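The form predicted on its own is given below as one chain in structure tokens.
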């Protein structure tokens, strides 16, 4: 009875939790162009963000976001695949300029414009390959309403701390479906702030110390010259081609993420003693995987579950975890098993199995069937 009294139940969708978490974590402006199934994020932004800009299209959205980021104002947008495709060039610019921002990508059924009201997990490969040259965007993925709160805050925190665009991957079912949720489970969110350059000595826009993250100065201050450069550049932000300093600066973009990966590595591992099978999942399919796990264990099966919440850069930790199992089942709502192939290549080992679907959500029974199969 006491447990029931202490709960604060709400009927809520993920969009509202994502919006509130982003603002509390330090996001100051939402720039967007409405697109299904991200429309609730657009609508709530108008009510909650300190500033909200309605852009005429997705290309303009990212260009305005780079402008706000250069002022030290953390911008957020929300889109789906067609809009994200239009944003890619500007996302590349923002990565090179080291401007922090968060792009919420609400997946829909593809290809092309797909089915706007039918979710899927089909955008992993495009996010993985968004940056020319094979560089990675920090990419988080939401697996339940609790993640809508926690991973959204971590996305903002990571963007600000590492001075980088961050992708927050989710799905139509997670952001549009209203579900019962206990609001007392929401943890306190601390606001993140950019590390600002201090001192009277010469400021170099891309000079770093051991952490490989350059100190920030907004273009609005008048004490120092600030350069944000999207082409290959040196520490001062001066455009160069293939000089050693400029190429070292470009290599640093990858090294920066590799150095700090453990700080933004988030996953859920539910393990038991002597289990030989593990299910790997993420996004909305993690819900089916959790239910399948409970049913399998109730039936006496020893099975473990890994829910990936940091998808990219691909963490070595996932390979370390999965290497100890005789059978690995990767459940994802797309046709060809995108994360499975990104983890193991185009020809995964025989003990790596996939549970896939298109046009519908994966059912727990499908995962259970694969666990119990002899293949």
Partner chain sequence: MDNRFLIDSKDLPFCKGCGHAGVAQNTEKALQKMGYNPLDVIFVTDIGCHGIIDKSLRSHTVHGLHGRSVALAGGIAAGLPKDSGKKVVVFIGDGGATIGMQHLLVAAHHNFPMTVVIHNNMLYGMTGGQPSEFTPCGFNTPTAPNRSAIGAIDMVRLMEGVGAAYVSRISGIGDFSDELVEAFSQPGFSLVEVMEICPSYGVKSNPGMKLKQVIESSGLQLHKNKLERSVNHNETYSGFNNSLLTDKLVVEKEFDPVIKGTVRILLGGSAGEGTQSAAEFLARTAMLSGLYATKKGHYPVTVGVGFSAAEVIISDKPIYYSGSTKPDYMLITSQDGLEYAMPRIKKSDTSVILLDSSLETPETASTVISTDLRSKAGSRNAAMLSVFKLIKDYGILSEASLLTAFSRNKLSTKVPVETFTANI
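No experiment lies behind these values; they were computed from the predicted model shown. Positions refer to the first chain, counted from 1.
This protein has a second form, the form predicted together with its partner chain, left out of what is shown; the following refers to that one.
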query	finding
Among 254-262, 116-124, 192-200, 151-159, the region lying within 4.5 Å of its partner chain in the model of the complex by heavy atom distance	116-124
Heavy atom of residue 316 within 4.5 Å of its partner chain in the model of the complex	no
Its partner chain contact in the model of the complex: residue 48, any heavy atom under 4.5 Å	yes
4.5 Å heavy atom contact, residue 345 and its partner chain in the model of the complex	no
4.5 Å heavy atom contact, residue 294 and its partner chain in the model of the complex	yes
Joint contact, 19, 172 and 224 to its partner chain in the model of the complex, by non-hydrogen atom at 4.5 Å	yes
Contact residue in the model of the complex, chosen from 275, 230, 85, 131 - any heavy atom within 4.5 Å of its partner chain	230
Stretch 244-283: residues contacting its partner chain in the model of the complex, 4.5 Å heavy atom cut-off	none
